[in-house]
Ligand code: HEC
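One chain comes next, on its own, written out as structure tokens in the form predicted alone.
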Amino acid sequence: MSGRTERTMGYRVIKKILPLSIFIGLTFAASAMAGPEEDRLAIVKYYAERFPDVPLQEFANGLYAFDEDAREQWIEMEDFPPYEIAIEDGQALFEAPFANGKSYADCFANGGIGVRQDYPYFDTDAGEVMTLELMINRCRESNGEELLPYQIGDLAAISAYMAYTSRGNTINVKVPQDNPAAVAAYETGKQYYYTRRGQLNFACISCHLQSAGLKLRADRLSSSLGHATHWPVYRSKWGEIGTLQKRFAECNVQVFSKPLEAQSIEYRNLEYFLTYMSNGFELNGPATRR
């Protein structure tokens, strides 16, 4: 049996486990007729009813909210987390002056310290969503510096340091309801999350909502709730720290769909929607995942 056939069969199995009536009910609740807050409350309600023994904030810990064995290993790893080096490197890069004498601190509110909870946001002047990683590069550009790759490397390290300074802060992403362009960006991100794509005909919800908490081969699938709290992430399979949009691209590849460019409008809108779903959660990044 080919690897592709095995993967496809594995997905087919998990898709059948969640009662269809429950899944359809949630999908209807998150339809285009609902606003952002109605969407968020519907998803919170869904997970609270499906996992009554999991405290709400635990969903920020991904699969470790469901898998006790993996959780124990994760807690032990946190004594000497592999992302520590990225934080140290990120701080050094963040504090290093540009050639013109300015630094990243000049580009962000509060000197860039403790601000991650406010990203992404909708820039009413530009008419588009701005993520933290995008604004790090915009800062470099405005100061005459070369742009950095978005998914890994120095930019991911800078983002990791900024996330670390924001730990414990509560995600507070806003979708201005009096701004049609902001609402449209949110709705476009939601549509992407719910749309099937690739040869496996999967949507983001196929794994992270419909099958959250279930096993796909040796891995347990994390929930969409709390997904945006802990980035950038050091993943064992990557061997380095990477951004949320690196994970978006990887998910596309896993369902045999062509990934988009990092910081494309589509991915930024997706991040906007997904982060809004985590409003009220405390930031706990950077983090470690398998």
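The shown structure was predicted, so the numbers you read here are calculated from the model rather than taken from an experiment. Start at 1 and count along the sequence shown; that's the residue number.
Form predicted in complex with this ligand: not shown, discussed below.
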{"query": "Proximity of L134 to this ligand in the predicted bound form, heavy atoms at 4.5 Å", "finding": "no"}
{"query": "C207 within 4.5 Å of this ligand in the predicted bound form, heavy atoms", "finding": "yes"}
{"query": "Partner contact for L216 in the predicted bound form: this ligand, 4.5 angstroms, heavy atom", "finding": "yes"}
{"query": "A65 within 4.5 Å of this ligand in the predicted bound form, heavy atoms", "finding": "no"}
{"query": "Complete contact of F122, Q151 and K190 with this ligand in the predicted bound form (any heavy atom, 4.5 Å)", "finding": "no"}
{"query": "V54, V44, V255, A70 - the one with a heavy atom within 4.5 Å of this ligand in the predicted bound form", "finding": "V255"}
{"query": "The unique member of Y186, F94, F202, Y83 whose heavy atoms fall within 4.5 Å of this ligand in the predicted bound form", "finding": "F202"}
{"query": "Partner contacts for 235-256, taking this ligand in the predicted bound form and a 4.5 Å heavy atom cut-off", "finding": "L244, R247, F248, C251, N252, Q254, V255"}
